[in-house]
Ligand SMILES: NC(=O)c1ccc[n+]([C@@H]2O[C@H](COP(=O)([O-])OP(=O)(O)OC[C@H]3O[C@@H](n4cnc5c(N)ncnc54)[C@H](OP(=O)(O)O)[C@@H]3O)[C@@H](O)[C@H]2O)c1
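One chain is shown next in structure tokens, namely the form predicted alone.
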């Protein structure tokens, strides 16, 4: 495993992390604690130290609760925990951006994660209006001073949201989370240059394009999970045709496409870490192998992996 400094923080994070949206049950599988334990145990064995989650990944902080149960039996100091705020899922899903709401979310996340502090607490895909709340950021700064939060971050909802990105340093945020993958290179235009200029860490979410870049699927596939079912079948088939073209023209014959896709993200100088989801210890191990790829960053728009 390789490690990189996360922006202006003192955190050295593994270049491959574990995304945990799937633990909430939205990706076609319900998890139990034993399955989560097996995934996180294998992650630790292969050198991964960053777990990314959120308050709304599953009802009542479900993903965080799975992680917290695991952490209660492991060494908390070995892990960098990133979670998020701004939404709530209890009986129904809703936004929650007021100062009091976010303060409550923070305390609930700390209880669910069974920890005294969160390493990276991220504004979660909110509007610019929600973002422009000085009282909210003042409260969060006080939580940093109190030790409940070590670092603030921003998970931008739009891959082209340069407004929130450019405001990061002013808001004392030290990392940006953004969708970035071989099918969606929008952050390269403005977001990444701003991150480099401000020395912000970058967490690349959806690096496998919701599984499209795994190489497993062909046009005509019918997805059963809630997330990918939202896409029109024509759009799904078109993306998969693009993937096939990429596989034929860019991916070396001896390379696994999923590992290549993660490595493709990591070769960009702005990217600190990729945070793919995973459903098994075997997927964790395969994802981690991307850190060992020999990447030639001659052109970040069409990187080659040896």
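Positions refer to the first chain, counted from 1. This structure is a prediction, so every number in the text was calculated from the model and none was measured.
Not on display, but discussed next: the form predicted in complex with this ligand.
Trainee: Is every one of 52, 210 and 258 in contact with this ligand in the predicted bound form, taking contact as a heavy atom within 4.5 Å?
Mentor: Heavy-atom distance to this ligand in the predicted bound form: all three under 4.5 Å.
Trainee: Any idea which of 239-247, 269-277, 64-72, 42-50 reaches within 4.5 Å of this ligand in the predicted bound form, heavy atoms considered?
Mentor: Selected stretch: 269-277.
Trainee: Can residue 289 be called a contact residue for this ligand in the predicted bound form at 4.5 Å between heavy atoms?
Mentor: Although this ligand is absent here, residue 289 would stay clear of it in the predicted bound form, with no heavy atoms inside 4.5 Å.
Trainee: Decide whether residue 14 counts as a contact residue for this ligand in the predicted bound form under a heavy atom distance cut-off of 4.5 Å.
Mentor: Residue 14: no contact with this ligand in the predicted bound form.
Trainee: Counting only non-hydrogen atoms and a 4.5 angstroms cut-off, does residue 195 reach this ligand in the predicted bound form?
Mentor: The answer is no: residue 195 has no heavy atom within 4.5 Å of this ligand.
Trainee: Can any non-hydrogen atom of residue 22 be found within 4.5 angstroms of this ligand in the predicted bound form?
Mentor: So residue 22 counts as contacting this ligand.
Trainee: Of the residues 177, 105, 151, 164, which one places a heavy atom within 4.5 Å of this ligand in the predicted bound form?
Mentor: Here the answer is residue option 177.
Trainee: Out of 171, 124, 182, 88, which one falls within 4.5 Å of this ligand in the predicted bound form, going by heavy atoms?
Mentor: Contact residue from the list: 124.
Trainee: What residues in 135-159 sit within 4.5 Å of this ligand in the predicted bound form, counting heavy atoms only?
Mentor: Going through 135-159 in order - heavy atoms within 4.5 Å of this ligand in the predicted bound form - there is one hit, 155.
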